[in-house]
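Take a look at this one chain, the form predicted alone, written out in structure tokens.
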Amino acid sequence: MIGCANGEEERVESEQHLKTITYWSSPNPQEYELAKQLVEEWNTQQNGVRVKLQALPAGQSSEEVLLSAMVAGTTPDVCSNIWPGITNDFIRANGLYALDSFEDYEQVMGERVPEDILESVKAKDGHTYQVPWKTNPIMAQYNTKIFRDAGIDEFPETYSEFLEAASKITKDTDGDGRVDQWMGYRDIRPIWWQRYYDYYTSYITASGGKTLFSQGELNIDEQASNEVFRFYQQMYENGYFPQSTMQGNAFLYNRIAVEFTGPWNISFLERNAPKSLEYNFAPLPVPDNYEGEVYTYGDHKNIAIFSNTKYPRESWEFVKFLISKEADYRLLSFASQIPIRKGLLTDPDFVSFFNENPKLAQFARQAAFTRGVDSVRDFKEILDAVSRYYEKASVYGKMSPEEATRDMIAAIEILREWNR
């Protein structure tokens, strides 16, 4: 008994001398489970530094939760659910630690991250406060059986081809006089983040990889914006997308043929889809006169160290563990998400995985042609403005695409001026 007591006292005393860092992961069940595995492995192998894991607390959005924690002084040491569009707010509040202050930063990042992506996350002050971690490219998920039954062998590449396919696929399948199968569906509520799956993604595609801003200044490609508003307007005018809210997963039950989504949906369908469901992925359709590579929105999430950390060096070592090749492999295989890593498709350590998972390989190929969000103030409010004009022009046809683009630009400029 005395020996046991002494052993327990030694363990407690040893743990009291450990440096503890807190790590907030996404609350997404798969990501959180992956984080648990990685933290347990770290805590087993490392000496002197213990990681305490917590899922990002519930709130209306991750960004609001993190901003509130910053105000309260309760941010974690490390967080792996950083939306790039919010980092300027964190930097202005002196809330993030400059990662390029670590002497091995350039080597670590240079070996892992493509140069253009690394440059895109650099702040105006020349420092870098976030590690590019993963991207979830938005692609067209489509029901191959519905397309085949409609006499369509290939997924349509252009807007006109997509509209023609939609005219064959949208129909009344049971003869009751009501349409019960549509080409696609989008949530029509004017909520800012919904635009990632229609206007914003399609704008990046139609513009050849442009975003709404250039070097911090509003720089919208008006022709591309007009094309996008018109494309969705035609989808709703012709009834190819329903002007209503659908209950449940419409793709799962063959009510829609196309859904614009990310790689996370693969694991969902594998768990929940009936065996009869046949599906594949393709790049989003482009305007008829478009030439070049097809770009899309990549739902990027990055990793950051908060400036309130007592242990910056130890936190950086843990971050390097999170972006190791072994951890990236598990991000792919366990969570079906794409790590931002050079040569991912040709790396010998990943080749066999992609051979066995061809659908994820499609997303890995698309990852090289993704764009994120502009790191500017009020980006959520900007997308709220986009939502209003998407609803007016595309969903309900209350204004022309040209009017929608013009008025949307004016609204964004006013918003930016008010908040300077």
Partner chain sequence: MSMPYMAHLSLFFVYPVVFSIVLVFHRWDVVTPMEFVGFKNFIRILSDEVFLQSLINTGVFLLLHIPLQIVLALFFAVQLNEKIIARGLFRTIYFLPVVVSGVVVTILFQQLFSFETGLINQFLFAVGIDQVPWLVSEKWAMPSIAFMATWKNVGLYVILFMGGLQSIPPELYEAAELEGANSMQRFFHITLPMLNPTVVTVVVLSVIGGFSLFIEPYVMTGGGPMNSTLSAVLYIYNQAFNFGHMGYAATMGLFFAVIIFTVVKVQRKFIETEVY
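These numbers come from a predicted model, not from an experiment. Residue numbers count along the first chain shown, from 1.
The form predicted together with the partner chain is left out here; the points below concern that form.
Put simply, of Arg178, Arg148, Lys124, Lys310 only one has a heavy atom within 4.5 Å of the partner chain in the predicted bound form, and it is Arg178. A heavy atom within 4.5 Å of the partner chain in the predicted bound form is found for one listed residue only; from Lys36, Arg365, Arg50, Arg388, this is Arg388.
Although the partner is absent here, Val286 sits far enough away that none of its heavy atoms falls within 4.5 Å of the partner chain in the predicted bound form. Using a 4.5 angstroms limit between non-hydrogen atoms, Lys19 is distant from the partner chain in the predicted bound form. Interface membership of Ser244, defined by any non-hydrogen atom within 4.5 Å of the partner chain in the predicted bound form, is confirmed.
Contact annotation: Arg406 falls outside 4.5 Å of the partner chain in the predicted bound form, judged by heavy atom distances. With the partner omitted here, the stretch from 380-388, 366-374, 36-44, 351-359 that lies within 4.5 Å of the partner chain by heavy atoms in the predicted bound form is 380-388. In the predicted bound form, the residues of 390-420 lying within 4.5 Å of the partner chain by at least one heavy atom are, in order, Glu391, Lys392, Tyr396, Lys398, Glu417, Trp418, Asn419, Arg420.
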